[in-house]
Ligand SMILES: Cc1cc2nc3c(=O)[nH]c(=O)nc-3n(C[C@H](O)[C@H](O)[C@H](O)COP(=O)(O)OP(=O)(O)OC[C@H]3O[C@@H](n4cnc5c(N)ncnc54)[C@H](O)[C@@H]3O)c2cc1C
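Next comes just one chain, in structure tokens: the form predicted alone.
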């Protein structure tokens, strides 16, 4: 159904949630985005990128619909309607409402558009709710100012419904150096000058998903920054518009090759684009700086503010929607082929069902056991979310493998939409039918499966899931470190010391 964005804009004038049209207009600025050896004049009109922006615009429009508004937005204390992820949760019910909104956002793309705005909005709410942490001693204008900067930025993004991307990782010349928490001045983003008005930064960062299609970029510290004086130039957190002079985005190849929604049902809709971010002596005003000059604090930021917990909550909801989609796709293939009675086929799909229910159970456990945090908000219980985000990087590649096993050569025996209207149409209609599906529906189903399990878009999804929160070994090590082990070891010791 076509969206009348002009009529929507009139209805929501002055509201905290934007329309898709307002979002797209905001992208038509002086941002410096490069792809395929050329600078893009307008990301909303760029082949291979513009349709991703249009998809996100449609999502933003859904915030205004009677069907979804109450579940994905809320009325703030200042009588501004805002996206639900900005709401500071004060009860278990608030946590569940946030989870329901995350899940609704994820279902709109079946988890295939990973960097929807609610992900960064959740972390921004957490940082703004932790002024005591941000107020700790910093260089520059002082800690209290840093905390106020974050509060102001939160209000700005919340009331203007801005779309954020972020970047955390510095490029490394030497792996051992990076593993030791040190950075190379040749490539890593660093402060090169301080002025009365702000800081000037130079270097690069990896990797900004949705970067070309975002309004602003958060540049936050890595969690492995070593607390030493030599790392002070690399210790900061700030946010600036994508269109800031000196900021450049170098994009990877697109996975949207201009095919129809029939031929490429996922990549034609959900290309969110990833980019390396280059900062060429970029000026950042003090009012946009949130942390500065204290490496030992920077690597605590996500844990101390509980941003990591709220982000993991959003991610768990997204992965549940994605897992459900994979089950649905596999069951559709089994039904179409008449293999839904085959023991082997059912066993493969049951494995994916079990993964899905594991994610659901962990999410339920986390929300049901939400509790107050040190900053006056409620947070979901962390341990189930940590378990989910350690398991899913293993689960999703296995889901893709099972889909490949179920699809087999049919994943490549896929005529195009044009083949149903050319001289070959009678042959295609005859030879591509299935026991329970007409030829065109069969081809559409397998082209969808191909986009998940074979295409460049699908392989990027699998890589994305493997490293979403970081290298699996690092994630597992951190999981071990924060797991509540002492009482369990005490039980072993108690048994061994008993008579």
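This one's a predicted model, so the numbers in the text were calculated from it and none came from an experiment. Residue numbers count along the first chain shown, from 1.
Only in words, not in the display: the form predicted together with this ligand, which the text now covers.
Non-hydrogen atom within 4.5 angstroms of this ligand in the predicted bound form for each of 208, 467 and 470: Yes, the whole trio is in contact, each within 4.5 Å by some heavy atom.
Mind telling me which stretch in 165-173, 91-99, 408-416, 234-242 gets its heavy atoms within 4.5 Å of this ligand in the predicted bound form? Going by heavy atoms within 4.5 Å, the stretch is 165-173.
Only one of 434, 58, 474, 45 comes within 4.5 Å of this ligand in the predicted bound form by heavy atoms, so just point that one out. In short, 474.
By the heavy atom within 4.5 Å rule, which residue out of 158, 389, 382, 115 makes contact with this ligand in the predicted bound form? Exactly one listed residue reaches within 4.5 Å, namely 115.
My question is simply whether residue 215 lines the interface with this ligand in the predicted bound form - judged by any non-hydrogen atom within 4.5 Å. Residue-level check for residue 215: no, no contact with this ligand.
Given that this ligand is not shown alongside this chain, does residue 31 nevertheless sit within 4.5 Å of it in the predicted bound form, heavy atom to heavy atom? Residue-level check for residue 31: no, no contact with this ligand.
Quick one: is residue 324 in contact with this ligand in the predicted bound form, heavy atoms, 4.5 Å cut-off? Looking in the predicted bound form, residue contacts with this ligand do not include residue 324, since no heavy atom lies within 4.5 Å.
Heavy atom of residue 66 within 4.5 Å of this ligand in the predicted bound form: Because no heavy atom of residue 66 falls inside 4.5 Å of this ligand in the predicted bound form, the answer is no.
Scan 429-464 and note down the residues that get a heavy atom within 4.5 Å of this ligand in the predicted bound form; none is a fine answer too. Going through 429-464 in order - heavy atoms within 4.5 Å of this ligand in the predicted bound form - the hits are 460, 463, 464.
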